[in-house]
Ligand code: GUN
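Shown below, as structure tokens, is a lone chain in the form predicted alone; questions about how it binds or moves come after it.
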């Protein structure tokens, strides 16, 4: 039994539905075997367990582990190539790097860098866009298991457009994916996600083969890209002339459902949004990537009006790092600047999008996303160095909302002092 004494912030009630930040200036969170067994005023929790060890975290703030719903494993070394639209960026920056993961030793090296990058930024759960190489996906799951991360990922499939080393066939991809599912799906904290790269590079036959994997397990996840870029959308329309829209390419294959998360969706039709809402599917909003690639303004208000669940994704290669603090801040900026229909965001919305919204989208809200009794202790202690801007901001915050706003406006991975997953300390700077 350990009692964590801390200033704690989370969002147990969706702020888009009237919820607010739950802030406790001096909370006691009792953790036993990775589970939160009590949360109350510190004095009350201490009275219940007077002999328990106490970890005093009051000189920082404690928030739930952050949850990234779209992040590319092979792209950590592709970060920072600015100034290109999506398809040109893929050809010149991302895809050449992704080809290199065909080397198992290189893939293992990248996997270690990738998982470390996530955890050190405060991300404890992630829907990871995997690799086109089964051996590299193995390396990712192995590293995730070693560190203890909650990773949902899978083999990326394409059979056209991309460089030849990244292409597969329906039969080959199904066999490779089946072996990965057998080894990893439901093992520890790992889950498998069916992952065609996007309809632009996946034929109807390949999408159908991907969908057939559900015969092996009925609780597999599905993720891909949709409606990110005008040229991509036009290309998909040419390749799938019978489809109603981009989303319909996946829908016709039988890929969509409650366990589906589509990335970007910058330019959806109302029909697509209505279908996503009907299915209970989620969308990963990747604001820094959308900005860097000039993809456009994410229509957050329209998604919510259609009942589509939205959470944050870092995307990584086309963005500028793993931190969901900067994704939240960029989401705020983009909604402020949207020429029409922007949805003003408050601090509570940003914390929700980075934590509890991701847990809901990934089917983890019974375990993580908030720091409540009965949940697992996935948590991030933010403790900036003395005198740093975030340290000054937190010490002089005028309210809970003000403190959380400063986390997103000023927070960086360097301010993430400790991270726990399931009660285990997985990284510590201070």
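The structure displayed is predicted, hence computed values, not measured ones. Numbering follows the first chain given and starts at 1.
Below: the form predicted together with the ligand, not depicted.
- Taking 191, 309, 326, 225 one by one, only a single residue has any non-hydrogen atom within 4.5 Å of the ligand in the predicted bound form, and it is 225.
- Though the ligand is absent from this view, in the predicted bound form it lies within 4.5 Å of a heavy atom of just one residue from 334, 261, 86, 300, which is 86.
- Although the ligand is omitted here, in the predicted bound form none of 133, 137 and 210 has a heavy atom within 4.5 Å of it.
- With the partner omitted here, the stretch from 287-295, 139-147, 180-188, 353-361 that lies within 4.5 Å of the ligand by heavy atoms in the predicted bound form is 287-295.
- For residue 221, no non-hydrogen atom is located within 4.5 Å of the ligand in the predicted bound form, even though that partner is not displayed.
- At the 4.5 Å threshold, heavy atoms of residue 101 stay clear of the ligand in the predicted bound form, well away from it.
- Shown alone here, residue 121 lies farther than 4.5 Å from the ligand in the predicted bound form, counting heavy atoms only.
- At the 4.5 Å threshold, heavy atoms of residue 197 reach the ligand in the predicted bound form.
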